[in-house]
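Here we start with a single chain on its own, the form predicted on its own, put down as structure tokens.
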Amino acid sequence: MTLLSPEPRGLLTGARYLAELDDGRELYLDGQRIGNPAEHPAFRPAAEELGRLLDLQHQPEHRELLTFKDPDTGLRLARAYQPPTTLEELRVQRRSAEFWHAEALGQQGRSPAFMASIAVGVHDFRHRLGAADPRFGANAEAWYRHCAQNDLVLSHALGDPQIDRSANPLDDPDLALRVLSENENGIVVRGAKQLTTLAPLAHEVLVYLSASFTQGRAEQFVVWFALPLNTPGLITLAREPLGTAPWGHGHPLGARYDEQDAMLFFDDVLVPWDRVFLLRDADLARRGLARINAWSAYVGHIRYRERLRTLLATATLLAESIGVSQFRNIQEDLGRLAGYAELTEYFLDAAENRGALTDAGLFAPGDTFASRVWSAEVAGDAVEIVRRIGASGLLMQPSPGDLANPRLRPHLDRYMRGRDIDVEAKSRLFRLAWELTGDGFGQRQDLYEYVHRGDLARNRITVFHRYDQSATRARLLALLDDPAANVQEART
């Protein structure tokens, strides 16, 4: 049994992507089963925006940046799927990701550009997987090629259900996805995965372990695999949409970039053997987690830089629209936000300068783990600066219906305009700022920045344990052991 397509189809178009979402998946929203998500009002705007971005790959002016020629098939494939073998190829990946994320204003955390880089990581790790079981290495390579040569939109699932974090899955197996059995066709899995972003709009999901679940767990919980989202027994439950509203403003950011976060339920799902990449090897899973995410961490920082740029530009426009852009405290806030954006450039440059070849021959960005901790730490302050500048204006702006009302319009023109900006333009600007920082979409984006890089406390501890203090400690201990130095200190 196989779920890999025999003939590669090459680059996606927007039309093909939307058509492929009509695949019979078991998707639910508000208790109702959804047929084709591309035709449902809760999902259609975001699906169409993804389609627009995919179509950019076919435009002549973007072709060389966003695609590459596959040496095996001769097809043009998405640049994000190209395994970089040199620093220059990594930098081309960066420019391609910069283009994608600038188009999306840094709002697509799980964009195809991001998820393709994880598939590259699986491809890079194939030899290690193959050392554990030759089938798994071959499966990883075949799956990567399947994704790249068909330009699949991917999701990934790491975290297990948030039921009782103090309990052990050995005592309550529903706490984590587990392997129930094996047979000649594959493995059977039961359980759930939480917060699988983009699942309602993706072709496939890659399932592997979060860092919290690679330690101290029984072997039945250790598994990596990938499946189409229309696999029998795989249920996708979408959360409440954030980009639609029955009245007021159009919410352009939420409509376009609400990626949807979903729960996945695996109701005794058969995973074919050719879709299994790792099984019952916790040590390999621990080592592989960082390895396969090397490129996605880099691309994720490119996306975060674009989000910071969007927040900075929004804050600047707000300040100018109400005549406070020259105030010292406002410029200080804007300077701090500009500093955050500029620091992301340094982190990206550092990742490139620290880059090295892997044992599989790919050029991987160097580790900048501390920058991910920093990003989560400053994310809330970046949003707060925009809120502080917009202040009460973020809460009260007229809707398009208000602006069209002849009784209200004279008062709106007189009392709700700004400095050198009319009421219509000002209201659109402030509602955009509210959408970025205050409404459901903005709050989701803010929380996402805090949690998606992993548990912040655990990550800080990891930074502490990984940072090499040995040389400084040795110098300090030598100083403390020097009798002459300590006697002299005592005399003073």
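In case it trips you up, residue 1 is the first one in the sequence shown, and so on. Being a predicted model, the structure only gives us computed values, none of them experimental.
A second form of this protein, the form predicted together with another copy of the chain, is not displayed here; the remarks below concern that form.
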item	value
4.5 Å heavy atom contact, residue 335 to another copy of the chain in the predicted bound form	yes
4.5 angstroms heavy atom contact with another copy of the chain in the predicted bound form for residue 31	yes
4.5 Å heavy atom contact, residue 161 and another copy of the chain in the predicted bound form	yes
is_contact(residue 287, another copy of the chain) in the predicted bound form, heavy atom dist at most 4.5 Å	no
Candidate stretches 123-131, 77-85, 366-374, 148-156, one within 4.5 Å of another copy of the chain in the predicted bound form by heavy atom	366-374
Position in contact with another copy of the chain when the complex is considered in the predicted bound form, options 137, 393, 169, 186, heavy atoms within 4.5 Å	393
The single option of 282, 360, 270, 341 touching another copy of the chain in the predicted bound form, heavy atom within 4.5 Å	341
All of 11, 16 and 23 within 4.5 Å of another copy of the chain in the predicted bound form, heavy atom check	no
Residues within stretch 337-368 having a non-hydrogen atom within 4.5 Å of another copy of the chain in the predicted bound form	338, 339, 341, 342, 343, 345, 346, 347, 349, 350, 352, 353, 354, 367, 368
